[in-house]
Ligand code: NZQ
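Taking the form predicted alone, here's one chain by itself in structure tokens.
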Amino acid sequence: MLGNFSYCNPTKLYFGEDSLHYLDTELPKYGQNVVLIYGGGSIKKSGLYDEVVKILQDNGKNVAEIAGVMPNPTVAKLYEGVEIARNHHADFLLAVGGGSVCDYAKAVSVSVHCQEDPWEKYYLRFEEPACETLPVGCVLTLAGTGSEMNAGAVITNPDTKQKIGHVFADEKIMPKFAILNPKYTLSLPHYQMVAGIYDIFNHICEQYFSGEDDNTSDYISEGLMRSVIHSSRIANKNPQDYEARSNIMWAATWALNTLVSRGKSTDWMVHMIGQSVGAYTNATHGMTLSAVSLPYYRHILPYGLQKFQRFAVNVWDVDPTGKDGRQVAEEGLAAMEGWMRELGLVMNISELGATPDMAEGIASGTIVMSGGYKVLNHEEIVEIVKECFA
């Protein structure tokens, strides 16, 4: 392990089939005015909405609602939610849904008492909140983003074609608690399930593909990746397999709760390119990542050859005997591609609605990060984006 770091994660997790009962334990810790935040209505069809509302009522909470949070929450939706929370004099925000709902709740949390435009302050200037923030709790219904145990929040501005994530530095932005019942994920369509699985896997890759020291975080990452691969294959054949889905849900949390980033510079360029694609197409997040990953990794492979070799051997069981390092690394990416196709992931951005005339705009909208093996210039990003159409 190289460098210096701190680690703190204050989110309390309740995991398993009986985890919703613990909402009764947590709610008394917070004020009376609660804003319930959820998405397109699937929680009403499943009955989860009624269960949560009853628990809130039994705890004497005064409840307002923000409904209709979309998979890629927009800045207009953020402004709407802030107004609702302000008018309700909100004490607490309860997100019930997937990662986008959890992300959105955190964005509302830092914005309700903000005296400036939150889009300008948090997503263009990347500043930290100087105001009071609202506590957030999460009841998770989709595994993938890890938003239930981190301080990240992604918001999209369709007018400017920008999809930007801000990972806030202060751990107070992290959810106070998260309820994870794998059964809530069993009704997801296959497309959403595998998109979430790849989101998990790529979160780990973004942290893994940086640095070359003997890092404990890398060993943890390899174990998590192997777990995701194993369980994904079971879930792909039988989405109702509770054990596989529970392992996927647990891996999702640990993939992005800051643990495996310790001692790492981290990359995040797949996310930056993928989010720019998402800003142009409004496509499912995990599928934007799967569509851009392999062109990006093949581009940076020569600069991080040692780690790509290790990835091939330790994650994909590639036999290195009699092969040079480049061949081993390329076999690892080929194995990864085979797994991605096995799951039915989107492998090019054309399938997501992107057209070649968008390439320059997607590249221009890509935020350049410096923690990976190669700091990309604009021309390189344009070339990678063009390769993503193939």
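Note that the structure is a prediction, hence the values are computed from the model and not measured. Numbers for residues come from their place in the sequence shown, where the first is 1.
The protein also exists as the form predicted together with 5,6-dihydroxy-NADP (NZQ); that form is not presented, and the subsequent description refers to it.
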For the interface check, one of 208 to 216, 79 to 87, 189 to 197, 304 to 312 should have non-hydrogen atoms within 4.5 Å of 5,6-dihydroxy-NADP (NZQ) in the predicted complex; which one? 189 to 197
Would you confirm whether the three residues Asn72, Asn150 and Gln275 all fall within 4.5 Å of 5,6-dihydroxy-NADP (NZQ) in the predicted complex, going by non-hydrogen atoms? yes
Which residue among Ser111, Ser290, Thr141, Ser221 has a heavy atom within 4.5 angstroms of 5,6-dihydroxy-NADP (NZQ) in the predicted complex? Thr141
At 4.5 Å between heavy atoms, is Asn348 in contact with 5,6-dihydroxy-NADP (NZQ) in the predicted complex? no
Distance check, Gly365 to 5,6-dihydroxy-NADP (NZQ) in the predicted complex, heavy atom within 4.5 Å: no
Might Val154 be said to contact 5,6-dihydroxy-NADP (NZQ) in the predicted complex, defining contact as any heavy atom within 4.5 Å? yes
Does Asn59 make contact with 5,6-dihydroxy-NADP (NZQ) in the predicted complex, using a 4.5 Å heavy atom cut-off? no
What are the residues of 34 to 54, in order along the chain, with a heavy atom within 4.5 Å of 5,6-dihydroxy-NADP (NZQ) in the predicted complex? Gly39, Gly40, Gly41, Ser42
